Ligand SMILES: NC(=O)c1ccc[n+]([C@@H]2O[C@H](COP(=O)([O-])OP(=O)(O)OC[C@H]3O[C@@H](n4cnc5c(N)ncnc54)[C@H](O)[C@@H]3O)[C@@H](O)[C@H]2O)c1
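Next comes just one chain, in C-alpha coordinates: the form predicted on its own.
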(Lines give C-alpha, C1' and ligand atoms only; values in the text may rest on other atoms or scores of the structure.)
Protein backbone atom coordinates (compact mmCIF):
# COMPACT_ATOMS: atom_id res chain seq x y z
CA UNK A 1 0.00 0.00 0.00
CA UNK A 2 1.56 3.27 -1.15
CA UNK A 3 0.58 6.25 0.98
CA UNK A 4 0.04 9.64 -0.62
CA UNK A 5 1.51 12.51 1.41
CA UNK A 6 1.11 16.26 1.12
CA UNK A 7 2.51 19.34 2.83
CA UNK A 8 0.81 22.65 3.61
CA UNK A 9 3.36 25.43 4.22
CA UNK A 10 6.60 25.29 2.27
CA UNK A 11 8.88 27.27 4.59
CA UNK A 12 12.08 26.02 6.22
CA UNK A 13 10.74 23.12 8.31
CA UNK A 14 8.85 21.71 5.33
CA UNK A 15 12.15 20.66 3.82
CA UNK A 16 12.59 18.14 6.64
CA UNK A 17 9.07 16.73 6.14
CA UNK A 18 9.48 16.56 2.36
CA UNK A 19 12.78 14.74 2.76
CA UNK A 20 11.14 12.35 5.22
CA UNK A 21 8.32 11.37 2.89
CA UNK A 22 10.63 10.91 -0.09
CA UNK A 23 12.88 8.58 1.95
CA UNK A 24 10.23 6.39 3.57
CA UNK A 25 9.37 3.19 1.73
CA UNK A 26 5.88 3.05 0.34
CA UNK A 27 5.25 6.80 0.61
CA UNK A 28 4.90 9.26 -2.26
CA UNK A 29 5.11 13.01 -1.77
CA UNK A 30 2.16 13.88 -3.96
CA UNK A 31 1.20 17.52 -3.44
CA UNK A 32 2.38 20.80 -1.92
CA UNK A 33 0.55 23.95 -0.90
CA UNK A 34 1.69 27.47 -0.03
CA UNK A 35 0.39 30.98 -0.64
CA UNK A 36 3.96 32.06 -1.47
CA UNK A 37 4.69 30.86 -5.04
CA UNK A 38 8.45 31.20 -4.62
CA UNK A 39 8.50 28.92 -1.56
CA UNK A 40 6.06 26.53 -3.22
CA UNK A 41 8.07 26.11 -6.41
CA UNK A 42 11.39 25.94 -4.58
CA UNK A 43 10.23 22.97 -2.52
CA UNK A 44 8.55 21.35 -5.53
CA UNK A 45 11.73 21.60 -7.59
CA UNK A 46 13.76 19.96 -4.83
CA UNK A 47 11.54 16.86 -4.79
CA UNK A 48 10.00 16.72 -8.25
CA UNK A 49 6.43 17.41 -7.11
CA UNK A 50 4.08 18.58 -9.86
CA UNK A 51 0.74 18.94 -8.00
CA UNK A 52 0.96 22.43 -6.53
CA UNK A 53 -1.71 24.48 -4.79
CA UNK A 54 -2.23 27.85 -3.14
CA UNK A 55 -5.53 26.68 -1.58
CA UNK A 56 -5.22 23.80 0.88
CA UNK A 57 -8.93 22.95 0.77
CA UNK A 58 -8.67 22.47 -2.99
CA UNK A 59 -5.66 20.22 -2.45
CA UNK A 60 -7.54 18.06 0.06
CA UNK A 61 -10.54 17.76 -2.24
CA UNK A 62 -8.58 16.84 -5.35
CA UNK A 63 -5.60 14.77 -4.23
CA UNK A 64 -7.06 11.99 -2.01
CA UNK A 65 -4.14 12.20 0.41
CA UNK A 66 -3.48 9.70 3.20
CA UNK A 67 -1.44 12.11 5.35
CA UNK A 68 -0.57 15.80 5.37
CA UNK A 69 2.15 17.64 7.24
CA UNK A 70 1.01 21.04 8.49
CA UNK A 71 4.09 23.28 8.36
CA UNK A 72 2.51 26.74 8.37
CA UNK A 73 2.85 29.39 11.07
CA UNK A 74 1.14 28.29 14.28
CA UNK A 75 -2.07 30.38 13.94
CA UNK A 76 -2.92 28.46 10.74
CA UNK A 77 -2.40 24.98 12.22
CA UNK A 78 -5.98 24.60 13.47
CA UNK A 79 -7.87 25.65 10.31
CA UNK A 80 -5.61 23.53 8.08
CA UNK A 81 -5.85 20.46 10.33
CA UNK A 82 -9.64 20.75 10.65
CA UNK A 83 -10.03 21.06 6.87
CA UNK A 84 -7.81 18.01 6.40
CA UNK A 85 -9.88 16.01 8.87
CA UNK A 86 -13.12 16.89 7.05
CA UNK A 87 -11.52 15.48 3.89
CA UNK A 88 -10.48 12.27 5.64
CA UNK A 89 -6.73 13.08 5.76
CA UNK A 90 -4.48 12.10 8.67
CA UNK A 91 -2.59 15.07 10.12
CA UNK A 92 1.04 15.35 11.25
CA UNK A 93 1.30 18.87 12.68
CA UNK A 94 4.45 20.86 13.30
CA UNK A 95 4.97 22.31 16.76
CA UNK A 96 3.41 24.09 18.51
CA UNK A 97 0.17 22.20 17.91
CA UNK A 98 -1.73 25.52 17.94
CA UNK A 99 -1.58 28.90 19.67
CA UNK A 100 -4.10 27.98 22.39
CA UNK A 101 -5.80 24.96 23.93
CA UNK A 102 -9.27 25.84 22.70
CA UNK A 103 -8.27 25.62 19.02
CA UNK A 104 -6.12 22.54 19.74
CA UNK A 105 -9.12 20.86 21.35
CA UNK A 106 -11.11 21.66 18.19
CA UNK A 107 -8.38 20.05 16.07
CA UNK A 108 -8.48 16.90 18.14
CA UNK A 109 -12.29 16.76 18.11
CA UNK A 110 -12.46 17.24 14.33
CA UNK A 111 -9.95 14.44 13.72
CA UNK A 112 -11.72 12.12 16.17
CA UNK A 113 -15.11 12.79 14.55
CA UNK A 114 -13.66 12.11 11.09
CA UNK A 115 -11.86 8.98 12.23
CA UNK A 116 -8.41 10.26 11.23
CA UNK A 117 -5.22 10.63 13.24
CA UNK A 118 -3.75 13.84 14.63
CA UNK A 119 -0.12 13.72 15.77
CA UNK A 120 2.36 16.40 16.81
CA UNK A 121 5.85 16.43 15.29
CA UNK A 122 8.09 16.02 18.33
CA UNK A 123 10.67 13.87 16.61
CA UNK A 124 13.29 13.83 19.39
CA UNK A 125 11.77 11.00 21.42
CA UNK A 126 11.77 8.74 18.35
CA UNK A 127 15.50 9.04 17.61
CA UNK A 128 17.77 6.10 18.52
CA UNK A 129 19.81 8.15 21.01
CA UNK A 130 16.74 9.28 22.98
CA UNK A 131 15.41 5.72 22.88
CA UNK A 132 18.75 4.45 24.20
CA UNK A 133 18.76 7.00 27.02
CA UNK A 134 15.27 5.86 28.01
CA UNK A 135 16.48 2.24 27.99
CA UNK A 136 19.40 3.16 30.26
CA UNK A 137 17.00 4.82 32.70
CA UNK A 138 14.55 1.92 32.71
CA UNK A 139 17.34 -0.62 33.24
CA UNK A 140 18.71 1.30 36.24
CA UNK A 141 22.06 2.15 34.62
CA UNK A 142 22.13 5.58 36.31
CA UNK A 143 20.19 4.55 39.40
CA UNK A 144 17.05 6.39 40.48
CA UNK A 145 16.38 9.43 38.28
CA UNK A 146 16.57 12.62 40.37
CA UNK A 147 15.94 15.33 37.75
CA UNK A 148 15.93 16.24 34.08
CA UNK A 149 17.19 19.70 33.09
CA UNK A 150 16.76 21.63 29.85
CA UNK A 151 18.19 25.02 28.81
CA UNK A 152 16.92 26.92 25.78
CA UNK A 153 18.69 28.25 22.71
CA UNK A 154 18.96 31.76 24.12
CA UNK A 155 16.08 33.65 22.56
CA UNK A 156 13.49 35.58 24.65
CA UNK A 157 11.69 33.06 26.84
CA UNK A 158 8.12 33.74 25.72
CA UNK A 159 9.08 33.06 22.10
CA UNK A 160 11.34 30.16 23.04
CA UNK A 161 8.57 28.54 25.07
CA UNK A 162 6.46 28.04 21.95
CA UNK A 163 9.34 27.25 19.59
CA UNK A 164 11.58 24.90 21.59
CA UNK A 165 9.94 24.71 25.01
CA UNK A 166 7.24 22.47 23.57
CA UNK A 167 9.99 20.05 22.46
CA UNK A 168 11.49 20.16 25.95
CA UNK A 169 8.12 19.45 27.54
CA UNK A 170 7.79 16.41 25.30
CA UNK A 171 11.23 15.25 26.43
CA UNK A 172 10.15 15.69 30.04
CA UNK A 173 6.97 13.76 29.35
CA UNK A 174 9.07 11.01 27.76
CA UNK A 175 11.65 10.68 30.52
CA UNK A 176 9.38 11.43 33.51
CA UNK A 177 6.57 9.11 32.52
CA UNK A 178 4.05 11.92 32.10
CA UNK A 179 3.71 15.41 33.62
CA UNK A 180 1.64 16.07 36.75
CA UNK A 181 2.06 19.80 37.34
CA UNK A 182 3.96 22.95 36.38
CA UNK A 183 5.24 25.76 38.60
CA UNK A 184 6.78 28.77 36.86
CA UNK A 185 8.21 32.24 37.40
CA UNK A 186 8.50 34.71 34.51
CA UNK A 187 10.29 38.05 34.29
CA UNK A 188 10.67 40.69 31.59
CA UNK A 189 13.52 43.22 31.60
CA UNK A 190 14.16 42.46 35.26
CA UNK A 191 10.63 42.75 36.63
CA UNK A 192 7.90 40.18 37.24
CA UNK A 193 5.71 39.79 34.17
CA UNK A 194 2.31 41.48 34.31
CA UNK A 195 -0.52 41.94 31.85
CA UNK A 196 1.25 45.01 30.43
CA UNK A 197 4.11 42.76 29.23
CA UNK A 198 1.94 40.55 27.00
CA UNK A 199 2.77 41.04 23.31
CA UNK A 200 2.87 39.27 19.92
CA UNK A 201 5.75 36.81 19.59
CA UNK A 202 7.19 38.79 16.67
CA UNK A 203 7.40 41.86 18.86
CA UNK A 204 9.22 40.00 21.63
CA UNK A 205 11.72 38.20 19.40
CA UNK A 206 13.35 40.37 16.72
CA UNK A 207 15.64 37.64 15.35
CA UNK A 208 12.94 35.10 14.41
CA UNK A 209 9.75 36.24 12.71
CA UNK A 210 7.66 33.10 13.15
CA UNK A 211 4.19 33.84 14.47
CA UNK A 212 3.43 32.01 17.71
CA UNK A 213 0.55 34.19 18.86
CA UNK A 214 0.81 36.24 22.04
CA UNK A 215 3.56 35.56 24.56
CA UNK A 216 5.23 37.17 27.59
CA UNK A 217 8.61 37.32 29.30
CA UNK A 218 12.27 37.14 28.41
CA UNK A 219 13.29 34.84 31.28
CA UNK A 220 11.54 31.77 32.71
CA UNK A 221 12.29 29.22 35.39
CA UNK A 222 9.92 26.28 35.09
CA UNK A 223 9.60 23.50 37.66
CA UNK A 224 7.99 20.29 36.40
CA UNK A 225 6.81 17.28 38.38
CA UNK A 226 6.59 14.00 36.53
CA UNK A 227 3.94 11.38 37.14
CA UNK A 228 6.74 9.13 38.39
CA UNK A 229 7.58 11.61 41.17
CA UNK A 230 10.79 12.77 39.49
CA UNK A 231 11.29 16.47 38.74
CA UNK A 232 12.29 18.47 35.71
CA UNK A 233 13.73 21.97 35.41
CA UNK A 234 13.55 24.18 32.32
CA UNK A 235 15.48 27.45 32.07
CA UNK A 236 14.77 29.88 29.24
CA UNK A 237 16.70 33.14 29.02
CA UNK A 238 18.49 35.38 26.54
CA UNK A 239 22.15 34.67 25.88
CA UNK A 240 24.70 34.86 23.10
CA UNK A 241 25.45 31.48 21.50
CA UNK A 242 29.06 30.48 22.13
CA UNK A 243 29.41 26.71 21.83
CA UNK A 244 26.41 25.97 19.65
CA UNK A 245 22.97 25.22 21.03
CA UNK A 246 22.78 23.97 24.60
CA UNK A 247 19.47 22.25 23.84
CA UNK A 248 19.21 18.67 25.00
CA UNK A 249 18.45 16.94 28.30
CA UNK A 250 20.79 16.57 31.27
CA UNK A 251 19.51 13.59 33.25
CA UNK A 252 20.76 13.23 36.82
CA UNK A 253 20.51 9.85 38.51
CA UNK A 254 21.54 8.58 41.93
CA UNK A 255 24.37 6.57 40.36
CA UNK A 256 25.33 8.59 37.30
CA UNK A 257 24.41 11.20 34.71
CA UNK A 258 23.44 11.24 31.04
CA UNK A 259 23.57 14.21 28.72
CA UNK A 260 22.32 14.45 25.13
CA UNK A 261 23.62 17.50 23.30
CA UNK A 262 24.22 18.37 19.64
CA UNK A 263 27.85 18.53 18.58
CA UNK A 264 28.61 22.25 18.04
CA UNK A 265 30.42 21.50 14.77
CA UNK A 266 27.92 19.30 12.90
CA UNK A 267 24.73 19.59 15.00
CA UNK A 268 24.40 15.82 15.43
CA UNK A 269 23.34 14.51 18.81
CA UNK A 270 25.83 12.85 21.10
CA UNK A 271 25.11 11.00 24.35
CA UNK A 272 27.57 11.37 27.22
CA UNK A 273 27.76 9.42 30.47
CA UNK A 274 29.31 10.22 33.85
CA UNK A 275 29.35 7.38 36.44
CA UNK A 276 28.92 9.81 39.33
CA UNK A 277 25.92 11.70 40.67
CA UNK A 278 27.65 14.96 41.66
CA UNK A 279 29.87 17.12 39.47
CA UNK A 280 32.98 18.93 40.75
CA UNK A 281 35.19 21.25 38.79
CA UNK A 282 38.34 19.12 39.03
CA UNK A 283 37.40 15.85 40.73
CA UNK A 284 34.56 14.40 38.68
CA UNK A 285 35.32 11.18 36.79
CA UNK A 286 35.78 11.74 33.07
CA UNK A 287 32.59 12.04 31.04
CA UNK A 288 32.53 9.34 28.37
CA UNK A 289 30.86 9.59 24.99
CA UNK A 290 28.53 6.64 24.41
CA UNK A 291 29.22 5.07 21.01
CA UNK A 292 26.46 3.54 18.93
CA UNK A 293 26.32 0.98 16.15
CA UNK A 294 25.74 3.06 12.99
CA UNK A 295 23.09 0.55 11.94
CA UNK A 296 20.60 1.90 14.50
CA UNK A 297 20.45 5.19 12.57
CA UNK A 298 19.50 3.53 9.27
CA UNK A 299 16.12 4.03 7.64
CA UNK A 300 16.11 2.26 4.31
CA UNK A 301 19.65 2.50 2.97
CA UNK A 302 20.47 5.87 4.50
CA UNK A 303 21.69 6.95 7.96
CA UNK A 304 19.71 9.58 9.90
CA UNK A 305 21.91 10.50 12.87
CA UNK A 306 20.19 13.79 13.75
CA UNK A 307 16.84 14.91 15.16
CA UNK A 308 15.25 14.71 11.73
CA UNK A 309 11.49 14.81 11.13
CA UNK A 310 11.73 11.40 9.47
CA UNK A 311 11.66 9.69 12.87
CA UNK A 312 8.26 11.10 13.80
CA UNK A 313 6.93 10.83 10.24
CA UNK A 314 7.81 7.14 10.21
CA UNK A 315 5.72 6.58 13.34
CA UNK A 316 2.73 8.28 11.69
CA UNK A 317 3.14 6.23 8.51
CA UNK A 318 3.43 3.00 10.52
CA UNK A 319 0.35 3.97 12.56
CA UNK A 320 -1.70 4.39 9.38
CA UNK A 321 -0.55 1.02 8.06
CA UNK A 322 -0.99 -0.75 11.41
CA UNK A 323 -4.38 0.89 12.06
CA UNK A 324 -3.28 2.32 15.41
CA UNK A 325 -2.79 5.72 17.01
CA UNK A 326 0.64 7.36 16.58
CA UNK A 327 2.69 7.50 19.78
CA UNK A 328 2.04 11.25 19.95
CA UNK A 329 -1.51 11.04 18.65
CA UNK A 330 -4.86 11.70 20.26
CA UNK A 331 -4.81 13.41 23.65
CA UNK A 332 -1.02 12.96 23.87
CA UNK A 333 -0.69 15.49 21.06
CA UNK A 334 -2.00 18.13 23.46
CA UNK A 335 0.52 17.59 26.28
CA UNK A 336 3.29 20.00 25.27
CA UNK A 337 0.89 22.85 24.44
CA UNK A 338 -1.00 22.24 27.68
CA UNK A 339 2.29 22.70 29.52
CA UNK A 340 2.77 26.09 27.82
CA UNK A 341 -0.61 27.25 29.11
CA UNK A 342 0.25 25.83 32.53
CA UNK A 343 3.43 27.94 32.65
CA UNK A 344 1.50 31.19 32.26
CA UNK A 345 -1.34 30.04 34.54
CA UNK A 346 1.14 29.13 37.27
CA UNK A 347 2.98 32.44 36.98
CA UNK A 348 -0.14 34.60 37.22
CA UNK A 349 -1.75 32.57 40.02
CA UNK A 350 1.57 32.00 41.85
CA UNK A 351 0.58 28.37 42.32
CA UNK A 352 1.10 24.97 40.75
CA UNK A 353 -0.91 24.38 37.60
CA UNK A 354 -2.22 20.82 37.65
CA UNK A 355 -2.56 18.93 34.38
CA UNK A 356 -4.89 18.54 32.60
CA UNK A 357 -6.01 22.17 32.82
CA UNK A 358 -9.73 22.57 33.43
CA UNK A 359 -9.85 26.11 32.05
CA UNK A 360 -8.99 25.84 28.35
CA UNK A 361 -8.88 29.59 27.68
CA UNK A 362 -5.51 31.13 26.80
CA UNK A 363 -3.99 32.31 30.13
CA UNK A 364 -2.64 35.49 28.52
CA UNK A 365 -5.87 36.36 26.73
CA UNK A 366 -7.64 36.13 30.09
CA UNK A 367 -5.26 38.76 31.52
CA UNK A 368 -5.58 41.29 28.71
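Positions refer to the first chain, counted from 1. In this text, all values refer to a predicted model and were calculated from it rather than measured experimentally.
One more form of this protein should be noted, the form predicted together with the ligand, which is absent from this view; the next part is about it.
**Q** Looking at 33, 313, 333, 29, which has any heavy atom no more than 4.5 Å from the ligand in the predicted bound form?
**A** Exactly one listed residue reaches within 4.5 Å, namely 33.
**Q** Please pick, from 96, 156, 232, 165, the one residue with any non-hydrogen atom lying within 4.5 angstroms of the ligand in the predicted bound form.
**A** By the 4.5 Å heavy-atom cutoff, the listed residue in contact is 96.
**Q** Using a 4.5 Å heavy atom cut-off, which of 264-272, 185-193, 116-124, 134-142 contacts the ligand in the predicted bound form?
**A** Of the options given, it is 116-124.
**Q** Give a yes or no for residue 39: in the predicted bound form, does one of its heavy atoms lie within 4.5 Å of a heavy atom belonging to the ligand?
**A** Heavy-atom contact with the ligand at 4.5 Å: present for residue 39.
**Q** I'd like to know whether residue 223 contacts the ligand in the predicted bound form, with contact meaning heavy atoms within 4.5 angstroms.
**A** Contact with the ligand, no.
**Q** Is there any non-hydrogen atom of residue 146 lying within 4.5 Å of the ligand in the predicted bound form?
**A** No, no contact at 4.5 Å.
**Q** If you check in the predicted bound form, is residue 13 within 4.5 Å of the ligand, heavy atoms only?
**A** Judged by the heavy-atom cut-off of 4.5 Å, residue 13 is in contact with the ligand in the predicted bound form.
**Q** Any chance 9, 56 and 77 all have a heavy atom within 4.5 Å of the ligand in the predicted bound form?
**A** The answer is yes: all three residues contact the partner (heavy atom, 4.5 Å cut-off).
**Q** For the stretch 205-225, which residues lie within 4.5 Å of the ligand in the predicted bound form by non-hydrogen atom distance?
**A** Heavy-atom contacts within 4.5 Å come from 209, 210.
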